[in-house]
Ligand SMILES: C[S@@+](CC[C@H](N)C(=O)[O-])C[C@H]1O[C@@H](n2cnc3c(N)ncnc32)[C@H](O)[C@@H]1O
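Okay, so here's just one chain, in structure tokens, the form predicted alone.
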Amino acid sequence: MSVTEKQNAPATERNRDAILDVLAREFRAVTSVLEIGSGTGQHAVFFAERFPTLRWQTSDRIENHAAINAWVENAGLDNVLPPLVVDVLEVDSVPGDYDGIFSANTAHIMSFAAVIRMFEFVGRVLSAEGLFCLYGPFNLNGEFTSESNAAFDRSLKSQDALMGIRDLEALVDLAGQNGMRELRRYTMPANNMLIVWQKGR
């Protein structure tokens, strides 16, 4: 895929500034970030350009690498790296040391079995006291936070019964099982949230 054929995810353009505001606070002491599910690569390039001292490692399943590489190559930034192969159902570890992990809009398009494996993976890869920032729509106390999220969940399940908006309480439990405690949760535009967990020593 040439740089002139870069894929575009409109949601990324809409949510990136709000996420940037949070990451500017949460990642201010972070030096190296692994992004799980880089998708088109747009988030990676946008954030890496604005955090020039931060090393941003992209990753995704192999079929998404061409799209990510198109954005990375076009950006020409020294601090954003070509993608690693990461399918959370298959990978146990990756090279490198990461005191930050970021993932956006992934938990609801994975099966819950894959979500479990993602938290296990983060628990293994993230350095002690490192931060895991997860962005997307979540349910609270088993309830949708908006009618639009309920409609989105129905749409997801019509495509694949294993997809769906996750209960945040279940994710907090998964984080705890993998050595992470919730630090903060941010309310984001369009009925999304960004949750920050920290790994213990």
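Because the structure is predicted, anything quoted here is derived from the model rather than measured. When you see a residue number, it is the position in the sequence shown, counting from 1.
The same protein has a further form, the form predicted together with the ligand, not shown here; the description that follows concerns it.
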property: Segment that reaches the ligand in the predicted bound form - one of 55-63, 171-179, 24-32, 141-149, heavy atoms within 4.5 Å; result: 55-63
property: Distance check, Val122 to the ligand in the predicted bound form, heavy atom within 4.5 Å; result: no
property: Partner contact for Thr106 in the predicted bound form: the ligand, 4.5 angstroms, heavy atom; result: yes
property: Partner contact for Asp87 in the predicted bound form: the ligand, 4.5 angstroms, heavy atom; result: yes
property: Exercise: Thr12 in contact with the ligand in the predicted bound form, heavy atom 4.5 Å; result: yes
property: In the predicted bound form, the one of Met110, Leu81, Ile116, Ala75 near the ligand [non-hydrogen atom within 4.5 angstroms]; result: Met110
